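Only one chain comes next, encoded as structure tokens, the form predicted alone.
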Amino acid sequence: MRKIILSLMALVSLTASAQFGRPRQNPRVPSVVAEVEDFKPAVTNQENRQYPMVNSQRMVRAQISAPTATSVGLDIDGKIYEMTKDENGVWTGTSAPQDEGFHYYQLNIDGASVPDPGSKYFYGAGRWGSGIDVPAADQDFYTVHNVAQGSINEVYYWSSVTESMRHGYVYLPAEYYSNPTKKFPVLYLQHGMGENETGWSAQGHTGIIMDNLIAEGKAVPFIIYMDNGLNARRPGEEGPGFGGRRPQGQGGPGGRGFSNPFEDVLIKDIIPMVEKNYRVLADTPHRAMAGLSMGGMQTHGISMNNPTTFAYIGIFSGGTFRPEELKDNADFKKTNKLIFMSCGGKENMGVDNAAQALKEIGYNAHSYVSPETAHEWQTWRRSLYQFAQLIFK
């Protein structure tokens, strides 16, 4: 387990460097040439801002006024593209083609990395910064349509574990309001490293995906709760952590694979709070947990340590379950209805082989590989879209 955790942490670190725009050692590269001049403002821009733009080749073009700067670069996907200055002190630069979907980026002005004032801000890499959505061929599933709309609401609650007020978000389907006597299943959905509880609703478009799926009859209505898996600390504890103990038998009973007590917050505080304050079906067959990257690792550890709590499990770019850890786990096998594992096509996580191996020992295991994407939000949007159609049925 330690080797798996270290390998996944290394993967997250490498891919986060590219996606989150962290400082890198790579040199600047010249702006690409021969762009198709059909650039349009990105849908993630602030109101009435023309830049950044994206063209049909999926190139990103940024622009900023910085008359006294000596060098400006567009920092996206692990590269810094040189921008050029005109006579008015306005810098413009264009990236190479990007994968479809959402990307964090920033501008590098005389060596300082700063957000682009033209884009909306998103939380990633442990800070608020710029993000851009590159149009995708399949973006209809996360595009707002004229269908019954649910809501995503802020939630504040007292945690007995951290002895503090905590914050999360809850998605309530439209039927939660139109059918006031009905109770619903719940999915507990976790973000990745460097992100927070805003990620799934903002970058992931969770509410839009669910509204569309429900309207099309592809998913049953259910509630989704999203919390911060990185900031759970007991009184007196310091520093960031991942949350989630090692599964039993890995480094000792209940030994912690990561440093913070998010598992205890989820089990002792979040689930009871949700089941008290919302109309939910408060039993194992109507609970699911899923997460992306670090959140997938949390899901793995928490579900193993609490084998009768969740019936449906989803791991998106967060590793896989191994047959040897589930083969003789009678409690997990008795209550589990689905194991779903996914990753991007540019990742190599072996989810198809893992699912097949689990099927051979009697589990309802599914795998999904997102075409032509890596460790990024388009992979995870597609993963949620696939996973949501399989659960609570």
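Quick caveat: nothing in here was measured; it's all calculated off a predicted structure. We number the residues from 1 along the sequence you see.
Just so you know, the form predicted together with a further copy of the same chain exists too; it's not on screen, but the next bit is about it.
The stretch that touches a further copy of the same chain in the predicted bound form, counting heavy atoms within 4.5 Å, is 170-178, out of 215-223, 170-178, 133-141, 295-303. This chain is drawn without a further copy of the same chain; in the predicted bound form, the residue among Y105, Y123, F321, Y81 with a heavy atom within 4.5 Å of it is Y123.
Between the options L281, A96, V114, I267, the residue in contact with a further copy of the same chain in the predicted bound form by a heavy atom within 4.5 angstroms is V114. The candidate spot formed by R49, P67 and E154 lies fully in contact with a further copy of the same chain in the predicted bound form, as each residue has a heavy atom within 4.5 Å of it. Proximity of K182 to a further copy of the same chain in the predicted bound form: non-hydrogen atoms within 4.5 Å are absent; the residue sits far from the partner. Remark: R233 counts among the residues lining a further copy of the same chain in the predicted bound form, judged by a heavy atom distance of 4.5 Å or less. a further copy of the same chain is not drawn, but in the predicted bound form it has a heavy atom within 4.5 Å of Q149. Among heavy atoms of I208, some come within 4.5 Å of a further copy of the same chain in the predicted bound form.
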